[in-house]
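A single chain comes next, written as structure tokens; it is the form predicted on its own.
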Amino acid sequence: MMQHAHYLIVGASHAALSALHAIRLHDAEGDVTLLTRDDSLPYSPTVLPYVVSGRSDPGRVFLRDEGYFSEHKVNYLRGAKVQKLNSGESAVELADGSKIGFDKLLLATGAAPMLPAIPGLAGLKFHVLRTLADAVSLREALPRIKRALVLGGGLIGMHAAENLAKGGVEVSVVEMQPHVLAGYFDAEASGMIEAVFAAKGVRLLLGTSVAAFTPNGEGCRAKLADGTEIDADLLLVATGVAPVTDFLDGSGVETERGVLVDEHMRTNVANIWAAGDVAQARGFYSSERIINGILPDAVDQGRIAGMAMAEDPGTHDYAGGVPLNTYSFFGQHAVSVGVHEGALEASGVEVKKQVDAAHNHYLKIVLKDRRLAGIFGVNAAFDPGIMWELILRGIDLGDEKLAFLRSPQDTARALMSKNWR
């Protein structure tokens, strides 16, 4: 006999857990099943670099324990991979052939690594860093290697490069963009981060790509587009992620880059919602639907989806995706909130920079019509959460604009106390 759940949640990270919490606040008794393809309790992908470094014990990184699910009357199924969704029957089929029916379904399947189409890559042993098992595998490999090659200079790649370097490994990073962390910082801010990595012995090969791989003993040899060759004992591929949607083929659920959702995270199928890294929802700066794969957004989207699924009358519309990323590296700190001036219509845009290269300090503030649109810092003191809220709430800085440009943190706190009661 097929299992059945009133609420079925596929996925177990921040969006899923936020939705579960929202459901239980309004519906304490409705039957809930939460399943994950992982063989573990829920964890955050943000902790994985710290598992690699040894700073975090992989057995102690979980967001919830078994007692939580028992207390909240949740059927938690681990090692349960969904391979097909039949929306007409309101059921999912798992990899083991079993089926689970549902009245309401939340897709919070997250994202998986994208592998570049580089000749020779498929025949190599390489690492990715997206799951707890990936992190443990990479950690266990560290003592056996002397040279590592990291493909990709985004957050995952740079985190990994740092931890490899701290472990005494000779690290090379290959990035197609002209500077690292190009999705978050401009060239000037990235240059400060690059200088720190270079001082720590990390070799950064920017504005280039790998043309082909060949095996080299237990490792590999990479030939770059300019003919440079790099030998490595370990290869980490960190060239981006894509939403996990393969199980939706033929389901009738509309997708583009991710699962298309409305302001309540509902898909085109009435009893199916999506949230987190798999969801393609409206952006904050335009009506275009985007994927905004950040933790605060996953929590917000999950909460909205859960409230809508439980028919909570307090359900609010999703305000739109605003990028937010915090990044610590070699004891220093970088923060990116919102968008750069190039993403905005030029009218009404103001940009102010404070740069102290001697102290590796950088602050850039982008305003649009006296409202904060973006703020970016390297070793600059401001609370990213408060700035994120300033943008989302569209707070007109008004007479406080000059004070904000001089001292964004203090002014933002004052605005918060005035506007957010």
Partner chain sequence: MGAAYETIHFKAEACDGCNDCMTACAMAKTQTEEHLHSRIQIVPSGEGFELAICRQCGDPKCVLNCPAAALSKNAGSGVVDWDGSKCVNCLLCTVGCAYGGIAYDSIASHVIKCDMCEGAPACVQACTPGALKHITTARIYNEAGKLEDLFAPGLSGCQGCNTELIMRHALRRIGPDVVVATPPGCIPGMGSVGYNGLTGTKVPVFHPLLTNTASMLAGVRRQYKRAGRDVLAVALAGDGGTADVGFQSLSGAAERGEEILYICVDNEGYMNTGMQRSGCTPYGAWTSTTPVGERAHGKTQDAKNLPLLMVMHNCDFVATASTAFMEDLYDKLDRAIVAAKTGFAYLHIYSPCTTGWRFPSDQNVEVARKAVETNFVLLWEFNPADGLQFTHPVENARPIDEYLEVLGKYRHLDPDQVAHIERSLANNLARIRGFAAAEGTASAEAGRA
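Only a predicted model underlies this, so the values are computations on that prediction, with no experimental measurement involved. Residue numbers count along the first chain shown, from 1.
Note that the form predicted in complex with its partner chain isn't included here; everything after this is about it.
- When contacts are defined as a non-hydrogen atom within 4.5 Å, none of Arg130, Ser209 and Asp233 contacts its partner chain in the predicted complex.
- Contact check for Val47: a heavy atom falls within 4.5 Å of its partner chain in the predicted complex.
- For Phe69, no non-hydrogen atom is located within 4.5 Å of its partner chain in the predicted complex, even though that partner is not displayed.
- Heavy atoms of Arg303 reach within 4.5 Å of its partner chain in the predicted complex, making it an interface residue.
- Within this chain, Lys401 is remote from the site of its partner chain in the predicted complex, having no heavy atom within 4.5 Å.
- For the candidate set Asn268, Ser328, Asn86, Asn216, a heavy atom within 4.5 Å of its partner chain in the predicted complex is found for exactly one residue, namely Ser328.
- Taking Asp356, Asp369, Asp27, Asp383 one by one, only a single residue has any non-hydrogen atom within 4.5 Å of its partner chain in the predicted complex, and it is Asp383.
- Heavy atoms within 4.5 Å of its partner chain in the predicted complex are found in one stretch of 183-191, 329-337, 271-279, 74-82, which is 329-337.
- In sequence order, Ser56, Arg60, Val61, Phe62, Leu63, Arg64 are the residues of 56-87 having a heavy atom within 4.5 Å of its partner chain in the predicted complex; the partner itself is omitted from this view.
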